[in-house]
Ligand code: HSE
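Shown next as structure tokens: one chain only, the form predicted on its own.
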């Protein structure tokens, strides 16, 4: 069996975990590590990226740097030089995945990114191997926000204290805005739709709400009502078009979602025969992510592998097609004809008003919340 020689770009949380796992592999060899200038302090390290990208001994480049530039330039150069690429960079694949995939096909090399969605869960590989057409995807796709909510629920931490603990545990970045605002989850949802339904959904058409506006009072109210809150992704291909959104959602205490705690994820997909497949595991942290990198590396030992199909469609989400029930927290004196139209019941709790809304078009809900937030502090969740 051929032994893979690997060049690693980046030596942060994920990069270090990849290096650790590679030490245990008999069929793989970590040939070199690229670090930024001044950080290459071991013999295996270099601060000249071409030492890896142009090295004929290296078969695979593992990109663990994050960000778009220069990661995109490095991956493109690696592919053009006949090297396979494995990346966990969900933002980069969302921005350049189609271009890089077509380039990899032309060069007859692999472009793999299982670690970009689901952390240590083989979510994308499981969908790739599924032979029946997939019609729905979703789940809890962000370990950082799940960790924060769980700490608020079970340990009664404040939002800020739970976030600090997530950062100190290596589950949240110094700038956690992409996690808290739902952007990270949106990227993963879009990749799941691309894999499951061979379609790139326009980013601007996906309605996204994170947990940045979640407060301690909300957790107390949900607990009193015997619910837990989870940040959920939903994607579906209907006969009329695509539905795709990211929203906080209230789940029953007996549900699998409610039992998904700490930094764990719960991913699922449903095929056209209404069969549902669920996978759970760690969704954030170095080693879980690195385990999916290793899975991709193993898949290319015997053959050239691809995550994306060779032909992809493009479409937009039409969330007007989807009507859902919501719970929204607003100031008591807030006036909104839109909310009045859909409100079925309301209750004052600790000085704020919680309204239950019924059969609201998803895209209209998101638009109204953005309008209300120009003057008010508002949080909402699907029920």
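The shown structure was predicted, so the numbers you read here are calculated from the model rather than taken from an experiment. Residue numbers count along the first chain shown, from 1.
The form predicted in complex with L-homoserine (HSE) exists for this protein as well; it is not shown, and the discussion that follows is about that form.
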property: Which of 198 to 206, 143 to 151, 295 to 303, 157 to 165 lines the interface with L-homoserine (HSE) in the predicted bound form (heavy atom within 4.5 Å); result: 143 to 151
property: Heavy atom within 4.5 Å of L-homoserine (HSE) in the predicted bound form - residue from 112, 75, 191, 284; result: 284
property: Residue among 258, 172, 127, 214 with a heavy atom within 4.5 Å of L-homoserine (HSE) in the predicted bound form; result: 172
property: Partner proximity in the predicted bound form: residue 218 to L-homoserine (HSE), non-hydrogen atom cutoff 4.5 Å; result: no
property: 4.5 Å heavy atom contact, residue 90 and L-homoserine (HSE) in the predicted bound form; result: yes
property: Residues in 173 to 187 close to L-homoserine (HSE) in the predicted bound form, defined by a heavy atom within 4.5 Å, in order; result: 173, 179, 184
